[in-house]
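Here we start with a single chain on its own, the form predicted alone, put down as structure tokens.
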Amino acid sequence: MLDHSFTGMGFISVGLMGVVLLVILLPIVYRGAQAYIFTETIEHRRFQNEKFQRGDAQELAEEYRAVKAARLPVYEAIEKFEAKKREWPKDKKREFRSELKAVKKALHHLLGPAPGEKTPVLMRQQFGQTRWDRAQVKLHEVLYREDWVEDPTGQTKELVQVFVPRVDLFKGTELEPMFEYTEKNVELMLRPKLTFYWQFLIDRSYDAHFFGGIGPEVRGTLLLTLGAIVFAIPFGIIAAIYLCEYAKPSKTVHVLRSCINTLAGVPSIVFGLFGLAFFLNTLKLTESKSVLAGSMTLSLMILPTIIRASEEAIMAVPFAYKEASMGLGAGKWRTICKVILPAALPGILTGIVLSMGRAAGETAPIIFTAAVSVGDKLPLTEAFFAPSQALPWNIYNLCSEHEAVDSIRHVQYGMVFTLIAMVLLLNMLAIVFRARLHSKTKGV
């Protein structure tokens, strides 16, 4: 009865864990995929052509001429309305000025600079909306004014948000037809088209992630993760071999194992501060933050996991393997290298897989040692000695410090989706490699 009870509890636990994972991952996958697959506007195609020379320039120029013709009535209506400033009612002049300024600002966000307008300094102001979903938001800002009024139902004393049509203020003026025209012809003015922007994974970002992709962040994350693994694997396996095969049971070894277990539970921020103090300030590996310092800090953080996993894998190897090897005349070190380690390799790889996932997703250790918000792409030979962007840090940075967080929400989810996909891909590759090694060990 107990056996059946625990089996049932196990299935229920696995099912609950699967449901929780779906609840967490499905929104990330859905919204993160929108960074790659979305409805682009002609402004996105213009940007891609100007910065990355993608697409047919002549075809794009012809399309943009048609777009300009569709936008022209909007700007003509504004010019006609402004030309009759003297005829504005005195009691409405101030309101007209402020509302017209708001309309022109919203149109600028939607369509980009007006004809004859001086080219803005910020790149985000040089183009209209590059995504159709954001264009719908900006169109709403053109058509409606946000206002706060008392709750008409009287159920609460708090102010209620309402949207007032801007056209009501301009009724009977030259600007009135502009609102209906903009709403009906916005597709002609932006030319939305479904696209698969796979270059999001390799393109650099422009203007604080308003444009471009996350190529430098992906590259930096891979360098930090692989660097951490390269440093941690040799020391972790050597330490496990020593503890299992050479160290004799003693208080010193017991304390050493306790320290390793304690280090596995130390908060990651502590490793980050240690990396800053030791690798950068004491050893002065590099003049400032660098991938090298970040990799070594991450390697210290994942080292206890690799040591414990390797130790358990080595101890799980049947003692008969060791006896048979040494009985055939092989020495201790040869037995370890040729018999014990190959047999324990699948278990060791399990620890490495877990460590890779943790190293790729850590933020705190690299804040002080490696990560920056922006940076240039350097050759691989110089990349380890310079700071780098990384997905975990930039995800945190965009969510907490970006001035226009709602405008680049797709980039945030795209980064999270990419990071999860990278970790899963690295894990899958390691699992496949481990399975093949296990098959060879078993002679299958």
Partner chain sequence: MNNQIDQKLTMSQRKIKMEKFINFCGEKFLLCITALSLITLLFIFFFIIKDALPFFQDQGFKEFFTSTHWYPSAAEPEYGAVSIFYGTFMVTLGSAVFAVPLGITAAVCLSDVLPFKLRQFVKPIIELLAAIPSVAYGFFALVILAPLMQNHGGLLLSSMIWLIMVPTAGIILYVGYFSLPDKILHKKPLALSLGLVGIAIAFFIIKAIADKLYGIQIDSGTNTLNVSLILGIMALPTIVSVAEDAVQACGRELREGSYALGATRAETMVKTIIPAASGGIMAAIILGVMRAVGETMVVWMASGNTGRIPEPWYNVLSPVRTMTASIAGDMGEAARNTNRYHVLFALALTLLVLTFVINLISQYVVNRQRKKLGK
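Numbering follows the first chain given and starts at 1. Superpose the two forms; the largest set of C-alphas matching within 1.5 Å is the rigid core. Quantities reported herein were computed from a predicted structural model and do not represent experimental measurements.
Keep in mind that the form predicted in complex with the partner chain is not shown, yet the notes after this line are about it.
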With the partner chain left out here, work out from 87-95, 281-289, 128-136, 104-112 which stretch has heavy atoms within 4.5 Å of it in the model of the complex. 281-289
Is the gap between Asn49 and the partner chain in the model of the complex 4.5 Å or less for some heavy atom pair? no
Would Gly227 count as touching the partner chain in the model of the complex under a 4.5 Å heavy atom rule? no
Do Ala309 and the partner chain share at least one heavy atom pair within 4.5 Å in the model of the complex? no
The partner chain contact at Gly361 in the model of the complex, heavy atom, 4.5 Å: yes
Every residue of Ala66, Arg124 and Leu380 near the partner chain in the model of the complex, heavy atom within 4.5 Å: no
Within 4.5 Å, heavy atoms only, which of Ala277, Val162, Val374, Leu72 is in contact with the partner chain in the model of the complex? Ala277
Selected contact from Leu300, Val353, Ala208, Ala77, since only one has a non-hydrogen atom within 4.5 angstroms of the partner chain in the model of the complex: Leu300
Under the 4.5 Å heavy atom criterion, name the residues of 227-241 that approach the partner chain in the model of the complex, in sequence order. Phe235, Ile238, Ala239
Core superposed first: is there a CA shift of 2 Å or greater at Arg334 between this form and the one not shown? yes
Using the core for the fit, does the CA position of Ala430 change by 2 Å or more between this form and the one not shown? yes
Would the C-alpha of Val74 be classed as shifted by 2 Å or more between this form and the one not shown after rigid-core alignment? no
